[in-house]
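Encoded as structure tokens, the following chain is the form predicted on its own, with no partner shown.
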């Protein structure tokens, strides 16, 4: 028991030293940017098209991913936000939400914590505009107004997990050790100057190639830091406790970016190559005749046996 305690303390000390020896290139906590007052203003602030000139291949990959339409989804996410409001917020006695006019950024962070983390840089009017836009898009489809539906869908798609969400806003995880992301810096695997008027520097983000980076959104379970915890993804928790704990060593990025050869077009169940990497499926079937009873006589039946083996590093399905 004493030996186990000693090893445990050594392990804790090792974790602390790793944090103290981190090599992030952040800095002091910057002043928060002015609040965006419209969807258009928030979308422009995180518009990834500025990156396409120099990083065309990566941009094209990203455009095919669900990160590029994180609020719209497949498009299941946007309707689910409305369901969260109608079947959750408006029914909770202490949420303060009786109508869409009562919705604030804090309320939408139930979903936006992962689907649109930059919403914390917007006013409550933007939160209400998002809800109104989704409702308008749904109504346009019901009315058969395809032009209006397409226009509103483009507005919803403009809110996404773009380049500067990952490579700036959430790039540095251990901020006390690595510093805070600086407003003029793109974070990745290189240091130096960056040919952009607004983001003029490059710096290293120690965790950007590690699974913990993805775990910020594809998490461990309930988001207990919120006023009302919610739970969607638990992929990172499953990865830690059912894969790494049993000797697994590959990161999220190794499978979803490199082995799959998808790069920034990170996919899961929508992509055939990812399905093949994740699952072994065996199907056996047979047909036979079964004597059911005297009245109905012999009945033809089929028996299908489907076996699925999970080869991935986390539970399936998950997000």
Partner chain sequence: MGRGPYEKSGILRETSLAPLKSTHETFEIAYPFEDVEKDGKTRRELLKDELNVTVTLYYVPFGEFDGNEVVFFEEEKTIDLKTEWIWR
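Since this is a predicted model, take the numbers as computed values, not measurements. We call the rigid core whatever largest set of C-alpha positions still superposes within 1.5 Å between the two forms. Numbering follows the first chain given and starts at 1.
FYI, the form predicted in complex with the partner chain isn't displayed, but the following is about it.
Peer 1: Based on heavy atom distances of 4.5 Å or less, which listed stretch (132 to 140, 80 to 88, 197 to 205, 179 to 187) is in contact with the partner chain in the model of the complex?
Peer 2: It is the stretch 80 to 88.
Peer 1: For the spot marked by 29, 40 and 263, is every residue within 4.5 Å of the partner chain in the model of the complex through some heavy atom?
Peer 2: Checked in the model of the complex: no contact with the partner chain for any of the three.
Peer 1: Taking the shortest heavy atom distance, is residue 258 within 4.5 Å of the partner chain in the model of the complex?
Peer 2: Judged by the heavy-atom cut-off of 4.5 Å, residue 258 is well away from the partner chain in the model of the complex.
Peer 1: Could you tell me if residue 247 has a non-hydrogen atom within 4.5 Å of the partner chain in the model of the complex?
Peer 2: Yes - in the model of the complex, heavy atoms of residue 247 and the partner chain come within 4.5 Å of each other.
Peer 1: Find out whether any non-hydrogen atom of residue 98 is located within 4.5 angstroms of the partner chain in the model of the complex, and reply yes or no.
Peer 2: Taking the distances in the model of the complex, the answer for residue 98 is no, it never comes within 4.5 Å of the partner chain.
Peer 1: Contact with the partner chain in the model of the complex for residue 175, defined as at least one heavy atom pair within 4.5 Å: yes or no?
Peer 2: Because no heavy atom of residue 175 falls inside 4.5 Å of the partner chain in the model of the complex, the answer is no.
Peer 1: Does anything in 56 to 77 come within 4.5 Å of the partner chain in the model of the complex by heavy atoms, and if so which residues, in order?
Peer 2: Sequence-ordered list: 74, 76.
Peer 1: Given a superposition on the rigid core, I'd like a yes or no on whether residue 290 shifts its C-alpha by 2 Å or more between this form and the one not shown.
Peer 2: Yes.
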